[in-house]
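The same protein chain appears twice below, in two forms, each given on its own as structure tokens and labelled structure 1 and structure 2.
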Structure 1
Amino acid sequence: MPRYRRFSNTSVSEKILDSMFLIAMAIGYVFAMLHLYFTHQGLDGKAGLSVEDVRIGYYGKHEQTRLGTAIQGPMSGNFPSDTSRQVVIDWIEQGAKKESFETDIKPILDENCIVCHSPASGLGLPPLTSYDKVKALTVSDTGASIQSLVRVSHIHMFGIAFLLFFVGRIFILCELPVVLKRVLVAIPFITMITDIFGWYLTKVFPGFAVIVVIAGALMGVSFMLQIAISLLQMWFWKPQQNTDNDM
């Protein structure tokens, strides 16, 4: 029967190195969660992170456009009357056509909006000075673009696989029931891959946002468990002699 290396026959210097790495990983993970929170929370208009925020992040709000959202929300007070506001809303719903822009929409915008929404104002707001500029704000919000998902996927897949691999290499020096250990080293990878594919599924089918959340949470829990068990066994737990070494 082969004998595998365990924490009990690892040098103190190596355990210090391993511990420093694991502690840095645990802190890094907390920052990753904070980053996730700040980029996704509140998309649904409510404070805090929810499945709905994840759904909007990937799938978008197909019924909403940036212009429509703004004029029914924070910008509604800039219209002289509800009638003029309704003219703009109807124009968006009818496909934001160029012909009616010049006659119906441009006068309203020139009168009420471009004081702020023009390059001349220096406020850095989206300009509402020409058809093309306004049209750009009337495309519906379809969530994350495939291009950005592909970019984040490849960074995630390469970057996180590395971290999981090194944490997993340290973790296998623990003494645990063999089945439990085999499952625990695989789960972070399986959930990471599920999470990433979940983004694409959510972009098309918003219901999959739940999968993204569950897979992401499971990955975090299994990753943190590996770190915690490794640190505990390394420094505080002395295994009995002749434990099952077939792992």
Structure 2
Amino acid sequence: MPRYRRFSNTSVSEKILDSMFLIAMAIGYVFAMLHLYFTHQGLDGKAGLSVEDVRIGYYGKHEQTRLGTAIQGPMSGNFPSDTSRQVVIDWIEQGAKKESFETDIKPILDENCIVCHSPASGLGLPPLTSYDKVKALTVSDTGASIQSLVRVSHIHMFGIAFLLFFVGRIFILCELPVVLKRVLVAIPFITMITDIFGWYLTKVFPGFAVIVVIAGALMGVSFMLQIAISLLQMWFWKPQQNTDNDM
């Protein structure tokens, strides 16, 4: 049978390189989860991230407007007081009239929101720089648009797939039962694809938000498990004789 490379066959320099990459990926993933938390948490009006927040993020809150959902959810902390936030909410509920926008609403948005919600920020957030652009966000909240989902999907598919591939290439140098290794290598890719298609399904069928959460959690667990096992075997594992040589 052919004998494949394992961590016991790698040099210290290669182990250091692989370790630094894995540690960077682990830290990056933690920040990605924090970004996900701060982006979606509070959409249901309650503190913390929940399945309902995910449902609202993709399906929307049809009885509410996009701007209203954001103001009462993740953007609520950007306002200096509940009074200023309520002024905007009342304006939306009263028909978002142009007459009162320049005097009552624009100063609040310019002071608290425009730094991020403008083309100059480069963040890709909905702009709040004019009445027409703000008015467009006062329609019924139908969640993420298909256009935005397609944009994020192709970024995720290309970017995350590369990360999973490189982490997986290091992980296959571990000495583990063949079936277990193959399952752990495949799970992140399967759950990533399930997660992304779950976004579109949730936009039509809100109950699929549970699938999005489960798939995302499984991808994260398997990804971090690969990193942890690789680092442990790289530096602390004593190679055993008569191990299975299959990849």
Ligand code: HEC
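Remember, predicted model here, so these are calculated numbers, not experimental data. Residue numbering: sequential along structure 1, first residue numbered 1. Here the rigid core means the biggest group of C-alpha atoms that line up within 1.5 Å when the two forms are laid on top of each other.
The chain as displayed in structure 1 is taken from the form predicted together with the ligand.
The Cα position of residue 108 differs by 2 Å or more between structure 1 and structure 2 after fitting on the rigid core. Once both forms are fitted on their rigid core, the CA atom of residue 138 lies 2 Å or more apart between structure 1 and structure 2.
Once both forms are overlaid on the rigid core, the distance between the two CA positions of residue 151 between structure 1 and structure 2 is under 2 angstroms.
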